[in-house]
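Only one chain is included here, represented as structure tokens and corresponding to the form predicted alone.
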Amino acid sequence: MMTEEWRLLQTGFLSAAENMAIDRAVLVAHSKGYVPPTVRLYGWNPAAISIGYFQQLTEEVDLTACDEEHIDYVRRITGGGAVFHEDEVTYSFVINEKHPQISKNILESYKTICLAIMNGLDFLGVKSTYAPINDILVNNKKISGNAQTRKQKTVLQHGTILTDVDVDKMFRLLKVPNEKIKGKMIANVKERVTSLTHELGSDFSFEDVSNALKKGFEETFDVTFTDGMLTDEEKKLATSFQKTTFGSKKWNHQR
């Protein structure tokens, strides 16, 4: 039996609007059968905050602080909460929802895809556990958060693997409901969140983590990857989505 061949995209460090536009472009291209199941590995430049689809930007994010610290912001097409993207490796995974290895049950599909991330961490020597619905823990501390949507009969799941974390900076950029308990909240997050730097020291690179995640997906889904590039169609779609959606005030400030 032939091993299924999937595509790996490594698109480097891009702006928030570019990153979200590419994720959506790959989803659309795959839904039309133009490209195979695809894993993309990427970073953010400049650092950014993404908010969940159902959130209100000005309620979640201090836009003045973001402007002062040159931090990008964008609304995702996936749900969940606000995420600060700086020291991390981000992945996105696009696949047909009828693929035999993807459960119709969203909770089960989260578990399967998160297992690929956990197996990737394993290759780095980091033992992790799955915390339903969408978190991955190391020593009972969160190292990865994930979000999923299904559109055009296609699954898009993306998530972060923290390579380092600056909780104080994150709280300068995010709004908190009660300023009086902000200090306690910061201390609590510091207790509940970890990173690869904390677990491994500094003896790893962005490429090391990317390679480990690739191996994690290969092992979990029993596939091989071909290094690919965005097709002309995907580039065209991404440019359009960046202009009309993720780079537009209307999209990012809606609700």
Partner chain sequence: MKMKSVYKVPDGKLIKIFLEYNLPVKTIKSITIAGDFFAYPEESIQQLEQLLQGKPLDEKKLETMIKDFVKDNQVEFIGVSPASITDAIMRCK
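Numbering follows the first chain given and starts at 1. If you're wondering where the values come from, they're calculated on a predicted model, not measured in any experiment.
Separately, the form predicted together with its partner chain exists; it is not shown, and the next lines address it.
Engineer: Would you point out which of 47-55, 28-36, 63-71, 205-213 contains residues with a non-hydrogen atom within 4.5 Å of its partner chain in the model of the complex?
Structural biologist: Careful reading of the contacts points to 47-55.
Engineer: Quick check on this chain: which one of Asn134, Thr163, Ser92, Asn119 has a heavy atom within 4.5 Å of its partner chain in the model of the complex?
Structural biologist: It is Asn134.
Engineer: Would Ile106, Asn146 and Gln254 all count as contacting its partner chain in the model of the complex, using a 4.5 Å heavy atom cut-off?
Structural biologist: Judged in the model of the complex, Ile106, Asn146 and Gln254 all sit within 4.5 Å of its partner chain.
Engineer: Evaluate Ile77 for contact with its partner chain in the model of the complex, applying a 4.5 angstroms cut-off between non-hydrogen atoms, and reply yes or no.
Structural biologist: Because a heavy atom of Ile77 falls inside 4.5 Å of its partner chain in the model of the complex, the answer is yes.
Engineer: Is there a heavy atom of Arg150 lying 4.5 Å or less from a heavy atom of its partner chain in the model of the complex?
Structural biologist: Arg150 belongs to the contact set for its partner chain.
Engineer: Indicate whether its partner chain has at least one heavy atom within 4.5 Å of a heavy atom of Asp227 in the model of the complex.
Structural biologist: The answer is no: Asp227 has no heavy atom within 4.5 Å of its partner chain.
Engineer: Using a 4.5 Å heavy atom cut-off, state whether Glu191 contacts its partner chain in the model of the complex.
Structural biologist: No.
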